[in-house]
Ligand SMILES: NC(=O)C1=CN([C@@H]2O[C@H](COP(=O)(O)OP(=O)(O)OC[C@H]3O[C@@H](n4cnc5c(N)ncnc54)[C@H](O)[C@@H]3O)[C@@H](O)[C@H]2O)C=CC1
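Below you'll find only one chain, the form predicted on its own, shown as structure tokens.
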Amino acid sequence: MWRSVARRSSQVRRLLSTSAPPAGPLATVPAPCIVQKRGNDILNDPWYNKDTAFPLTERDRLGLRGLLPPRVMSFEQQYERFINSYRSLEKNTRGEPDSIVALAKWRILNRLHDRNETLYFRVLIDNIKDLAPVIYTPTVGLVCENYSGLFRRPRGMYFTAKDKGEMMSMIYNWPQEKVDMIVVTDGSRILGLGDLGVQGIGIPIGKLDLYVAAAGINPQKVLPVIIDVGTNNEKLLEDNLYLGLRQPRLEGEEYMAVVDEFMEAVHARWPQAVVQFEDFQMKWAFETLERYRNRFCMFNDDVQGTAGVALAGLLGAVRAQGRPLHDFTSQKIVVAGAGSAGIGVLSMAKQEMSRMLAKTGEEGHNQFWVLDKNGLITKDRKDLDPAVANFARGHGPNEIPDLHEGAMKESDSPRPAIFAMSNPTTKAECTPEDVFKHVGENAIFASGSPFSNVSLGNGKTGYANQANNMYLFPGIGLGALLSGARHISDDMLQAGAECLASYITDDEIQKGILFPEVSSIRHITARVGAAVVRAAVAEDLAEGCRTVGPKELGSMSESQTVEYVARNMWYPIYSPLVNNK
């Protein structure tokens, strides 16, 4: 196993130097785009609007002459103009509270998104390291908390408990004929913030922005969705500005009937779309995953995406200890929190251990401990969720009473790994400063939201790795889409996680670096997506996509698969507009 990961690592580095960079345009002259609009209708459509970049010939044929300032600016000049405005905002808000600065940055980006999508996504792609925390974690949590007050124009679709019986017709209200990627939430467990009802729509919007930036999904073919079945958040129900249903959450069969109807409607119109479930409370996260995973092409990012990123980090931690990868089977893994993410991590780690042990014929041992607010979860607990019950421990002299005893005091690891993965930053279980101070400079740290590295003195650095799902879910979705997979299997997810784990070099691993720079996200996604495609082909789940059939996918080499994935990434360039009226 170790040799195979090392081999994949060298292959990835070789492909990085030989494949065409997936971050750049693949055609210098984009194909013309036929529009049915003229004049102000074009200027008010963020997909077609070019602001001051419309050339004079287009202004004439599209009825725009006189509706714009006379100067024609290039795309590059527009880009520079926006970046200057953004940097000016950063300078002018220095010293303000972090929440004020974050929302100011989000607003200026959101205004650009509302006005000119092509320019917005170019800015986002070129500055993904700086802007990902603004459009997603940690700022998206703040946006969701204040969504009703921040609302300016609708984005995505809103399905509610009041729409039962109407969703099959409602789905055709979406104006785009083709949708490839859907992210849906019910708002019941937004990040670490809990039930935010309809305000959770900010999560699918932010995730799909990352799909466009990291995976090159065409922004015309994405759909953010909120399923509003009410909220149990009394503060929201009493808020006069709250935009969602003012009723307690549906439960049981009433709840599932709403989600069932939504999934059937989506599949009826877009049978090949990939559906990502996001931020559902635990009982519905596992229920919907088991209910739909073999009927539709879907996955749950909290259960499976978080697990994949965590697994990649855990495999890296074993490498950092200087041990063979098979030693993963003897690592003690303690999870604080018995929610969908924690149980998902344990489930994928258990699968990985089982695969390793199956290759050697060794007998495995229970290496997992899970704790919640009441302490260690044991078999004598009442009314445990079945997913949690799988990891409940029996009583014995070696059982651990609390997190400190289990993760810190009794650890004999030369480099213990602490992953504080709750989002946003304010909800992280601990900071990197805490870890390097109390565990020692040999500790390995990762978090869900970004933190700064820590100076350890003597020229040493404690790396604050970001174990964020954005390293994995774009590649999972893109790989599933481009393979034409009927379902998203455990093997496809495992292949993506192992690809991510192999991306980091041995030198980086020894320094305590587990994950690559966010700035290389398109390169990472191309490789992860290719791994997912190849796994789908190996399992005979791939039905092909567009003009590429399953036989052609199966005949591709690893490098050809990476090139195929990279070639199908959308890149923001202004297309010539032609009106056919």
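Everything numeric here is computed off the predicted structure, so don't read it as measured data. Position 1 is the first residue in the sequence shown; the rest follow in order.
Note that the form predicted together with the named molecule isn't included here; everything after this is about it.
The three residues 49, 115 and 199 each lack any heavy atom within 4.5 Å of the named molecule in the predicted bound form. Put simply, residue 204 is far from the named molecule in the predicted bound form: not one heavy atom of it is within 4.5 Å.
Contact check for residue 264: no non-hydrogen atom falls within 4.5 Å of the named molecule in the predicted bound form. Contact annotation for residue 141: none of its heavy atoms lies within 4.5 Å of the named molecule in the predicted bound form. Residue contact check for residue 239: none of its heavy atoms lie within 4.5 Å of the named molecule in the predicted bound form.
For the options 341, 229, 312, 181, the one in contact with the named molecule in the predicted bound form, meaning a heavy atom within 4.5 Å, is 341. When the named molecule is considered in the predicted bound form, only one residue from 365, 111, 373, 438 comes within 4.5 Å through any heavy atom, namely 373. Comparing 80-88, 341-349, 478-486, 172-180 against the named molecule in the predicted bound form, the single stretch with non-hydrogen atoms within 4.5 angstroms of it is 341-349. With contact defined as any non-hydrogen atom lying within 4.5 angstroms of the named molecule in the predicted bound form, the contacting residues in 289-317 are 302, 306, given in sequence order.
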